[in-house]
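Just so you know, structure 1 and structure 2 below are the same protein chain in two forms, each on its own as structure tokens.
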Structure 1
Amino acid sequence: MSVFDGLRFRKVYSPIHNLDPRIKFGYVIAIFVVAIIFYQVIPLLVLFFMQIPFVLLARVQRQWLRSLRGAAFLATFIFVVNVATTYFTSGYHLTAFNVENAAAMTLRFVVLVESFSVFFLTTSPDHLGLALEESRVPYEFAFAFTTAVRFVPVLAEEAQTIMDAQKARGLELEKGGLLKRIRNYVPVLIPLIVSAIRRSLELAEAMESRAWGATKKRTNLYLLRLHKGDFGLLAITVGILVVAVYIHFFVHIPTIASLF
């Protein structure tokens, strides 16, 4: 759950929240690409620390930390599996270089999580929908997407209520062996799915009775306009890409082990 918490938007006003979602998404993709290009620890570490000013500016450090903590388990898993596979495939032999490689893989994952987390933490579903629409995504899809995002917390809350209702009827979720435990969730999942379906049908009826799809061309109350900050972020994004490509092709990156 904590990973989702780190992706959940909360309304705050900050320079980062006000940025155009399209540019912000471009930035995230750029970070994504750069993280894929490099397989050494040092540039990935730099990439990791580069996000921190954004997080602080957006004042979402608490939720951001929580998403990192949520990703910690998976990160540990990636690290262990990487180390283990090189250990076993290289004939029970492990070098500092191998460990560093595994660390780089893990760091790559962490960078991806952190940048996506910043993006989702600072972009409201409405803005996202607007961005999709203005990128010529059909309105139906944009709407379905934003609605889905918006209903995630509602669904999580509902799951809690359902669990409470079943516990009140003597259901013990943590009882029994593995198979029994999985079966224990049936009384939670069925009401959850049924009520999600029921809700979506009701939503569809309510939308249609408010003239959903009556005209082909919709107008929007809010429009996305690029501001100074957006151009700034665009410049940063392009800068990062150029520098990264340059370093990748023309600069020798030392491994940490070779520094000592």
Structure 2
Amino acid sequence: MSVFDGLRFRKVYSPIHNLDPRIKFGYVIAIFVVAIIFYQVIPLLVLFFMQIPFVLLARVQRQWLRSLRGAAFLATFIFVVNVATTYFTSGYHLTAFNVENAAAMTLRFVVLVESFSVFFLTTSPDHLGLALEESRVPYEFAFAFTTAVRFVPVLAEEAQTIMDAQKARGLELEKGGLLKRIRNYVPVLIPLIVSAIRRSLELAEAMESRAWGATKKRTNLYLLRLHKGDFGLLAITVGILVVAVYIHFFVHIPTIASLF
């Protein structure tokens, strides 16, 4: 459940927290595009280490590391599946190039988790919803998205609490075969689903009591404005895209296996 810590906003005064969420989201999308167009390990490693200064400036190192640790299982699964698929489809033959390709696929996933984790850790749901509204996204969709962002970490924490309570009552979640383990999670899923339904009903009643949707033209207390730091991040984003496209088409990137 620690991977969901990367979706929980941390209210800290830092230069990264003060940036406009629209510019930060554009930066995340740029990293996403660059990670997709490269399939070599070296540029993906560069993308990975490029995020570390943002993490240090935002002072969210502990939560960022927990989100990466939570994604380690899925990253390992991606690596193993890629290696096994290549091994069985190439006549039971595995080369260093094949292993490097699997590592690149895994590193691409880690880069995406890393960049989105930094975005959600440094962007409050209120500012995110405001950014979506000012980007001409219908308010209903913006509200649904920001509500999901708020409640996913809450549900993950509640699931962990239920698991701890069931373990204290003698439930063994890690023992038995695959089907046995799946059945073991039934006492966890049922209370979690009931709690989620209860929360949704409470949220619906709160929205109705506040006359949600009574008027189509809404106003906001705050308005998003771009500052010097936002223009700086925008310039960095454009620079990353330009350099990445140039390297992709005009520069030969060697593999690590070819270097040795």
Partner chain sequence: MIEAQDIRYSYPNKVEALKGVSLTIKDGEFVAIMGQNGAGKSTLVKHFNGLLKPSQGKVLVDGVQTTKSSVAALARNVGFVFQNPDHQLFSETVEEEIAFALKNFGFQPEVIEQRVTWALNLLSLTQYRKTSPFLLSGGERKRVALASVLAWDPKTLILDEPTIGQDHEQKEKLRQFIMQMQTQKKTVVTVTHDVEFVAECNPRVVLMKEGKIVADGEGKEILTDPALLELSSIVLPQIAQVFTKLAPLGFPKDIIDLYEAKQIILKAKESRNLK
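Please note that residue numbering is based on structure 1, beginning with 1 at the start of its sequence. Note that this is a predicted model, so its numbers are computed, not measured. Heads up, when I say rigid core I mean the largest set of C-alphas that superpose within 1.5 Å between the two forms.
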Next item on the list: Of structures 1 and 2, select the one representing the form predicted together with its partner chain.
Entry: 1
Item checked: Domain reorientation between structure 1 and structure 2, expressed as the smaller rigid part's turn in degrees -> 13
Margin query: Could you tell me the distance the CA of Y185 travels between structure 1 and structure 2 after a rigid core superposition, in angstrom?
Written below: 6.0
Item checked: Angstrom shift of the Cα atom of G213 between structure 1 and structure 2 (superposition on rigid core) -> 3.7
